[in-house]
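A single chain, nothing else alongside it, follows as structure tokens in the form predicted alone.
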Amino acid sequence: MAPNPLHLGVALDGAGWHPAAWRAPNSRPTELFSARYWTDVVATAERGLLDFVTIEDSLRVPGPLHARGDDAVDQVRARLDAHLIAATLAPLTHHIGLIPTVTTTHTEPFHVSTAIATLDYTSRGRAGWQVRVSAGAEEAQHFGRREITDPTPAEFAALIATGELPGHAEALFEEATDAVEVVRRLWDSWEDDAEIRDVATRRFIDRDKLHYIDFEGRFFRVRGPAITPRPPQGQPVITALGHAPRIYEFAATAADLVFVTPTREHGPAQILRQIATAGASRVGEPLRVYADLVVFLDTDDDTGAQRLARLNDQSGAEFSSDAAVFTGSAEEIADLLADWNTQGVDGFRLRPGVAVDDLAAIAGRLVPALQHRGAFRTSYPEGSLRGLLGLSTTVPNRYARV
């Protein structure tokens, strides 16, 4: 295998990333909210030896972003809880990483810490967390504890043009930074050998190896320690999706890897430079960069372009995405991945346009094409998700005494 093999994961979102994916012939819309559907699609990903699946989630009804008042009924307008899906999949899978999306804006970091740590136990060291902020009024209204305004058209235009966040969104990322720091400290609040389990002395834990985190910041005051022992990975993998320098700064401060969205026209070079700048003062391992692509791959019956065109006809609109859209063969996308990999992209997260069809093509066509080039593994190594991603598996505990 090549000395710098590709890393490859997939982002799962219901029936797929195209709004009409649920109407594709092989989709299973009646099973979208069943454990069997999720077990089957993730089993396909694991048969393809993929690094991880991320599971999308939000606190709003799924649909186009910033489509206020959107009452369309020809799309999947419901979803399951991503963390609970991951929890269901944990004992049924063996090697693939499980990375649910959990928002920080309306979710207490103590709860997130316990949930992800528990997932790390039940998956035997394969848990991750995709951090997301909730920047809209609709999501805030579900809770009624704070007011968040939607960006104005001018603010949204500035965000698209310059990457400049509205003032309230800036505060949400400051809050997210603190939330991740609290979660990380809570994971460290138990030393690895804090559990004694000595029946003879009636001591289950060594209290001296549990620590108050005493975090005090603008948004949180959390004392700790956690109620869950330190996770098997020490620090489960933290990820974030970024489209702008400010979010790259957040990722460089808080995350292990960042998902980015280069265009086919310009490639990843500019984004890689911005991330290098954002992470200039980062301490420890470098931030890993994964490029997102929405994929419609060729099948035995149709080309990817034909499949996309048919879905566009069904939805009545041309598909658009924050990530670049790829249509073509497994060999063609393998060429693209290899090119961007040589430019410095560490890995890729593919978003299947139609979950059932494109995930099968990724596992059954793309992965063999990459293996034929010596660019992808032919079996899973033993170990944790951190090890699978090439991250250090020895994670110091900030509170442990040497």
Partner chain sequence: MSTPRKQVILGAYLGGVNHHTAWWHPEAGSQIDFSSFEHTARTAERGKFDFFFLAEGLILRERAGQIFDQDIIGRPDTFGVLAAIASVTEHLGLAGTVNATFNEPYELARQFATLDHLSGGRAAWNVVTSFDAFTGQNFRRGGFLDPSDRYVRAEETLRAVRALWDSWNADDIVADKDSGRFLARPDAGSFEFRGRQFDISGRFTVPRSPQGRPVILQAGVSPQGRDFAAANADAIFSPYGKLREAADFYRDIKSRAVAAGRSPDDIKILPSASFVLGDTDAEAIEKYRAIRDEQVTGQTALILLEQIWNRDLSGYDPEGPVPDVEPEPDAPPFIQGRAFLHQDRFATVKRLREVSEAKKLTLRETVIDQFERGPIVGTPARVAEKIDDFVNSDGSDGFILGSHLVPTGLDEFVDRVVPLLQDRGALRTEYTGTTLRDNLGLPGLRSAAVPVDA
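Just so it is clear, the model here is predicted, and its values are computed rather than measured. Positions refer to the first chain, counted from 1.
The same protein has a further form, the form predicted in complex with the partner chain, not shown here; the description that follows concerns it.
- Of the heavy atoms in Gln371, none are within 4.5 Å of the partner chain in the model of the complex.
- In the model of the complex, none of the heavy atoms of Thr44 sits within 4.5 Å of a heavy atom of the partner chain.
- Although the partner is absent here, Glu170 sits far enough away that none of its heavy atoms falls within 4.5 Å of the partner chain in the model of the complex.
- With a 4.5 Å cutoff on heavy atoms, Ser27 counts as touching the partner chain in the model of the complex.
- Think of it this way: in the model of the complex, the partner chain has a heavy atom of just one of Asp192, Glu332, Glu108, Asp150 within 4.5 Å, and the residue is Glu108.
- This chain is displayed alone, yet in the model of the complex one of Asp322, Glu174, Asp198, Glu285 has a heavy atom within 4.5 Å of the partner chain; that residue is Asp198.
- Contact annotation: the partner chain lies within 4.5 Å of heavy atoms from the stretch 54-62 in the model of the complex, the single such stretch among 347-355, 332-340, 54-62, 362-370.
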